[in-house]
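First, one chain by itself: the form predicted on its own, in C-alpha cells.
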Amino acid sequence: MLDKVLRIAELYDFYGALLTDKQRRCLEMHYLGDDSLAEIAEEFQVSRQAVHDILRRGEQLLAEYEAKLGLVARHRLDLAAITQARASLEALPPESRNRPETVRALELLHQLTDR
C-alpha cells in the first residue's frame, strides 16, 4: 500500500494540476491527508462510492498522463545522470576537483540533487 501511496504522490506532483478541482482535493485528502472515504464523502456531501469513483478516475488519469508524457520516468533518468556526474566530479583528484569550473559544477549538481 505504501508503494501505491508513494507512486500516486509522485504522479500527483507532476500531473496534479491537470486534474479537476474535486479530483485534486480528493486525492490530496486521501493520499496526502490520510482521510478515509467516509471523511471525504462527508466533506463533499456525496457517497463513499462517489469518492471511490473520483479517486479511481484521478489515479487512472495520472497513470495515463505518465504513459503519454513520461515526465516522471524522464525525471528519474535525469536525476540518475546528475547523481552519476556529481559522483564522478567528487572522485576527481583534489587538484582537479578544486578548479573553479569544477567547484561551480559541483555546487550546481548539489543544488539539483539535494532538494
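Take the two forms, find the largest set of C-alpha atoms that superpose within 1.5 Å, and that set is the rigid core. Numbers follow the displayed sequence, beginning with 1. Here the structure is a predicted model, which is why all the values come from computation and not from measurement.
Missing here is the form predicted together with a further copy of the same chain; even so, the following discussion is about that form.
**Q** Quick one: Ile82, Glu101 and Leu109 and a further copy of the same chain in the predicted bound form, is every residue within 4.5 Å by at least one heavy atom?
**A** Each of the three qualifies.
**Q** So, in the predicted bound form, is Lys68 in contact with a further copy of the same chain at a 4.5 angstroms heavy atom limit?
**A** Within the cut-off, so yes.
**Q** Residue-level question: is Arg48 within 4.5 Å of a further copy of the same chain in the predicted bound form, judged on heavy atoms?
**A** So Arg48 does not count as contacting a further copy of the same chain.
**Q** Please determine whether Leu89 contacts a further copy of the same chain in the predicted bound form, using a 4.5 Å cut-off between heavy atoms.
**A** Yes, Leu89 lies within 4.5 Å of a further copy of the same chain in the predicted bound form.
**Q** With a 4.5 Å heavy atom cut-off, would you call Arg57 a contact of a further copy of the same chain in the predicted bound form?
**A** Answer no; every heavy atom of Arg57 is more than 4.5 Å from a further copy of the same chain in the predicted bound form.
**Q** Is there a C-alpha shift of 2 Å or more at Ser47 between the shown form and the other one once the rigid core is superposed?
**A** No, because once the rigid core is superposed, the C-alpha of Ser47 moves less than 2 Å between the shown form and the other one.
**Q** If we fit on the core, is the Cα of Thr20 displaced 2 Å or more between the shown form and the other one?
**A** The answer is no; the displacement is under 2 Å.
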